[in-house]
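One chain is shown next in structure tokens, namely the form predicted alone.
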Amino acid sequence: MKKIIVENLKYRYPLSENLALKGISFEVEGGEFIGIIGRNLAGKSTLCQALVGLVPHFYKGAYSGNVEISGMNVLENNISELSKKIGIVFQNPFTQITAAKLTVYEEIAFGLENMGIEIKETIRRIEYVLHLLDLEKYKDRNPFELSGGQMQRLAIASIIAMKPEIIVLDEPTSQLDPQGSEEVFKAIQSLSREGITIMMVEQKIEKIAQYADRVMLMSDGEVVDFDVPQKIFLRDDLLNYGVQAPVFTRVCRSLNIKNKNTGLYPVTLDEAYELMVRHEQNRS
């Protein structure tokens, strides 16, 4: 089932003369993990805001085209209605933490209380996301006493607890160390496997190559390409869009080590390791 349908989406911010989104069209199936890449000002964050209804309901501006989220037309439904189907995690957790609650546990419960979720189910969901994002030991701590990375995991947990069908993440690992980033990607991957659709803007290309089902390459408000990681990261013109291929791909390309069956260079560490072992075995 199509969870996201975007047709000829155009948008211009108030007081701006230039379109931020220029006739974007694409579709996403339920349970897909989509990575969105491109240089700054490519339109990635604007697209995220358009999917959750902040564009045009909050930011206003000139808007045309069609966006459907789980069958709901974004233009015809307000943000509160859309939030039952789709949630967003912003780059800066300070924009997401409510400051209305004194503990991490209560912060996660806040959205569930507003949704009218019964107590037993609320407790079950909170315990699940605390474990999923390794926040159990911080559950009684004030959210503003957490580190930046811990706060980001709390913001993600608060969204996951509300069980949206679609989660949009705008560079959620930008403030996390490598271990924290890996934990978030694994958590998001597990949600995707459970059928939740993921749209993630991310600069950590190696992680996107490893975890995403498909990758959307954006530039200047347009979708340049939308395909599996193996196709996107082997484009010869990636640098023109401010994106480098994964380091594993660049190393294997320089050594001319590729998959003999597909003719493609690897995009993940596991693929590169397997091909390099075969390459050495064939040489010996």
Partner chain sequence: MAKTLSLYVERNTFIHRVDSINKILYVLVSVAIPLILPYKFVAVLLILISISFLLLAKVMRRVIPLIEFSVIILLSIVIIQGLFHAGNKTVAFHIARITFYKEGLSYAFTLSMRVINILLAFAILVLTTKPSELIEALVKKGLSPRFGYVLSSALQIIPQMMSAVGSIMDAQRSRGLETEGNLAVRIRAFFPLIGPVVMGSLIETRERAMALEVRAFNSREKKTFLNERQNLRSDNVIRLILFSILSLSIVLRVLL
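What you see is a predicted model, and the numbers here were worked out from it, not measured in a lab. Definition used throughout: the rigid core is the maximal C-alpha set that superposes within 1.5 Å between two forms. Numbering follows the first chain given and starts at 1.
Not on display, but discussed next: the form predicted in complex with the partner chain.
Would you check whether the partner chain, in the predicted complex, lies within 4.5 angstroms of a non-hydrogen atom from each of F58, K84 and I123? Verified in the predicted complex; spot residues all in contact, yes.
Proximity of E165 to the partner chain in the predicted complex, heavy atoms at 4.5 Å: Because no heavy atom of E165 falls inside 4.5 Å of the partner chain in the predicted complex, the answer is no.
Please run the contact check for M200 against the partner chain in the predicted complex: heavy atoms, 4.5 angstroms, yes or no? Looking in the predicted complex, residue contacts with the partner chain do not include M200, since no heavy atom lies within 4.5 Å.
4.5 angstroms heavy atom contact with the partner chain in the predicted complex for L112: Flag for L112 set to yes.
Classify F94 as contacting or not contacting the partner chain in the predicted complex by the rule of any non-hydrogen atom within 4.5 angstroms, answering yes or no. Yes, F94 lies within 4.5 Å of the partner chain in the predicted complex.
Please identify the residue among A212, I108, L169, I188 with any heavy atom within 4.5 Å of the partner chain in the predicted complex. Flagged contact: I108.
What residues, if any, in 45-79 have a non-hydrogen atom within 4.5 angstroms of the partner chain in the predicted complex? Going through 45-79 in order - heavy atoms within 4.5 Å of the partner chain in the predicted complex - the hits are Q49, V52, L54, F58, Y59, N78, I79.
Any chance the CA of L130 moves 2 angstroms or more between the shown form and the other one, core superposed? It does, since the L130 C-alpha is displaced 2 Å or more between the shown form and the other one after the core fit.
Shift of Q175 between the shown form and the other one at or above 2 Å (CA, core fit): Yes, the C-alpha position differs by at least 2 Å between the shown form and the other one.
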